[in-house]
Ligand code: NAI
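Shown next as structure tokens: one chain only, the form predicted on its own.
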Amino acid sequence: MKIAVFSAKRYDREFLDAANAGAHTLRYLAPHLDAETASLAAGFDAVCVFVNDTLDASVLETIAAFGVKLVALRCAGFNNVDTAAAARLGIGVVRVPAYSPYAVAEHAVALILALNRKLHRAYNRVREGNFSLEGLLGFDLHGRTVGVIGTGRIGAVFAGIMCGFGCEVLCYDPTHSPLPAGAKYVTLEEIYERSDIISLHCPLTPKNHHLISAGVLAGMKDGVMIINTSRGALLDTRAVIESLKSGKVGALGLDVYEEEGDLFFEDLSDKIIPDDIFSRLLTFPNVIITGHQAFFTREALKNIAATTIGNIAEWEKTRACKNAVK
């Protein structure tokens, strides 16, 4: 098959080429797939895309007219794909449901530790010869209450790590998958009311868009720490900013952002960022933002590439795939 790989970076080429081993023709394209770049899919049987590519009905109609029959997502989430339009157009959609739950879960823990012990501030101080401890006071994680929203593979691994710290771990998920020893399921309301730290590990759906809203924030503990390594739009960013200003939210760790599509995965260091909301977040000393790097480990990239190529091969042979998006 001839496959157009959009949003391609050097590391994508490295791992996909190794997994492909010459089986398919891969053409690497730097731009995101969207309405303006959809014409680049002409002449290809499939497109391989990532989290910030846009596959709405109009884009899917364009690439279908070029003969594209498969969308291969090299990620778990598929909220950027109009799956109903894809089905109507006869385009298959496959994804990578799991690559390394440890990568994302461990990154969430890293954000907690960095925020709690003010590592980002301490690092900069020491480099400037300032060894004062004022303003760097943290707290013991042992004995704290941690809320986990979403207990799929990543959420379950995260819950297990936090149990290892000696935390009380409260979990919520509509599907009660098995939990590590020490964690228990409760209601969302109990998580909001009792948690010192809340970490989001759920997919983005129309139902949970802005799951963390102004009303929900009002019911949380004063000084709560919120971590989001899942999907940006789970948080109402404007409401979170107001809660940071009031002190209701004591710390915020983000690896995702609602409007990250024009920001993340690019070097914008010589440009002015026009997103005022994002720029406002960067002014808070108790906020750490990473650019959607939680997945970014060697093990995860190897698994993503292997599953993506495997999905394409399976679909090519049978026009079906165990990792198909329904």
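From 1 onward, residues are counted along the sequence shown. The shown structure was predicted, so the numbers you read here are calculated from the model rather than taken from an experiment.
The discussion below concerns the form predicted in complex with this ligand, not included here.
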{"item": "One residue of R117, R125, R153, H210 in contact with this ligand, assessed in the model of the complex (non-hydrogen atom, 4.5 angstroms)", "value": "R153"}
{"item": "Answer option from L301, A41, A294, I288, heavy atom within 4.5 Å of this ligand in the model of the complex", "value": "A294"}
{"item": "Partner proximity in the model of the complex: G143 to this ligand, non-hydrogen atom cutoff 4.5 Å", "value": "no"}
{"item": "L73, heavy atom within 4.5 angstroms of this ligand in the model of the complex", "value": "no"}
{"item": "Residue contact check: P180 to this ligand in the model of the complex, 4.5 Å heavy atom", "value": "no"}
{"item": "4.5 Å heavy atom contact, S195 and this ligand in the model of the complex", "value": "no"}
{"item": "Candidate spot E168, V224 and K248, all three touching this ligand in the model of the complex (heavy atom, 4.5 Å)", "value": "no"}
{"item": "Among 159 to 167, 82 to 90, 215 to 223, 251 to 259, the region lying within 4.5 Å of this ligand in the model of the complex by heavy atom distance", "value": "251 to 259"}
{"item": "This ligand in the model of the complex - contacting residues of 85 to 103, heavy atom within 4.5 Å", "value": "P97, Y99"}
